[in-house]
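The chain below stands alone and is given in structure tokens; this is the form predicted alone.
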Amino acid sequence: MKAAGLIFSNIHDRNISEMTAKRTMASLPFGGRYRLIDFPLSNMVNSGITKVGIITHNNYRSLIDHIGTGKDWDLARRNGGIMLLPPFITAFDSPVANKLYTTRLEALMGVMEYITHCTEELIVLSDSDVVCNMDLRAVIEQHEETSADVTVVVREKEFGNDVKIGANTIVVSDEEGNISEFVENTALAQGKCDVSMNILVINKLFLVSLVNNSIAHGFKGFYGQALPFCHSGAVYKTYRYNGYCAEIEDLSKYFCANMQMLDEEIRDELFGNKDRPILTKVRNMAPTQYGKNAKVSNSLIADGCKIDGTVENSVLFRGVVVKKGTVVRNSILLQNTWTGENVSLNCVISDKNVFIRDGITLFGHESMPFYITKGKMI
């Protein structure tokens, strides 16, 4: 069966509000040269999905700039291709229109016209805050073999006292993968549980029925209300994913996920598969310049940087400048960050176009990195 894709770009913006004040979660920079949208989009394209809609809410200018026509993902097509789906506001009263969505279900209600016009029999839903390299063909194949209405991709997660309430949806299933319950409030969860990765394969007609049924009953929640109460005889299955996965749930998780890219094994698993490359917008810049005082170890350095100081265990995006005498350790410097001389940074996240004056010392911790907002001068 042919499948179309839908990606939610704004669903989890509040989880990392420091960095999403002027951008969507989907356009959050990651790993030196990527954006978070690159991972679900590449997973779909590498699995033969050539029609993808990206559901937006607000702050999507940088997302439009990054996606462009979709040519870098081979989605600049006459038929299908990529389409941004902003909120549809009309001059007429409607139970769906004239308001911005706040939940996953409301987001689907707002793009019903796109869904109903899809000629594909399956819809693949994905959030944009999960970093992984997944073969969605295997998920679709299992979905067809089991004659499921909905297949939810899950992974095993161990819960403790530090897990936030509602941060994950627990999926309860039997040994054959038949889902019996969705538990959204994880406050009391302990030990190992299967949690949804918010990647689903769903029959198009079933999805249309689910959304219409939710509108009729005034449902707001996707897992808690829409799925359990749509059809009593529906077949819900799980697909277990065991590969690398990083969920960007807050600023510290964003920091740790970027730091994991310094691990060669994780980096190779995520980016080393030639059959499933992670695609992104191509930019042509000059190579990085290393001065005579430059000392770099265990770091990811993008092109266009100028380094004349010390960089250790860090991720530097395009156009970063590290002056003489400056020491950057365990930090993430986004595009066009400029550091003066004799600066000391440790566990720091600097957003784009940050300027740090000479002699400044900034220290954070991996559980609470020191964050510098976009365009800030310190």
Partner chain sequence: MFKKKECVAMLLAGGQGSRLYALTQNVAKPAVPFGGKYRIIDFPLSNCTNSGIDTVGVLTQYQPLVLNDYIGNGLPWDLDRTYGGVKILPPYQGKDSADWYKGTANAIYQNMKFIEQYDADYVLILSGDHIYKMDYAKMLKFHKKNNADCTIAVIDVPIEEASRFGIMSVNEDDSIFKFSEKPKNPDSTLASMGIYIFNKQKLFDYLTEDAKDPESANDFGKNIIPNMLSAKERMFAYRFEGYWKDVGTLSSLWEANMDLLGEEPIFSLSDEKWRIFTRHGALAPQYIGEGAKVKNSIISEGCKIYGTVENSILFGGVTVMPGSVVRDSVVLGGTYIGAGSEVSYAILDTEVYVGAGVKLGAGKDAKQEVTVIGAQTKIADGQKIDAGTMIPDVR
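These figures come from a predicted structure and were not determined experimentally. Positions refer to the first chain, counted from 1.
Another form, the form predicted together with its partner chain, is not on view; read the next lines as being about it.
- Of the heavy atoms in Gly32, some are within 4.5 Å of its partner chain in the predicted bound form.
- Contact check for Lys292: a non-hydrogen atom falls within 4.5 Å of its partner chain in the predicted bound form.
- In the predicted bound form, its partner chain lies farther than 4.5 Å from every heavy atom of Ala216.
- A residue is said to contact a partner when one of its heavy atoms sits within 4.5 Å of a partner heavy atom; Asp308 meets this definition for its partner chain in the predicted bound form.
- Contact check for Ile278, Asn284 and Ser297: all three have a heavy atom within 4.5 Å of its partner chain in the predicted bound form.
- Heavy atoms within 4.5 Å of its partner chain in the predicted bound form are found in one stretch of 238-246, 268-276, 205-213, 126-134, which is 268-276.
- The listed set Ile301, Ile140, Ile115, Met109 contains one residue whose heavy atoms approach its partner chain in the predicted bound form to within 4.5 Å, identified as Ile301.
- Here is the short version: of Gln225, Thr288, Ser173, Ser252, the single residue with a heavy atom within 4.5 Å of its partner chain in the predicted bound form is Thr288.
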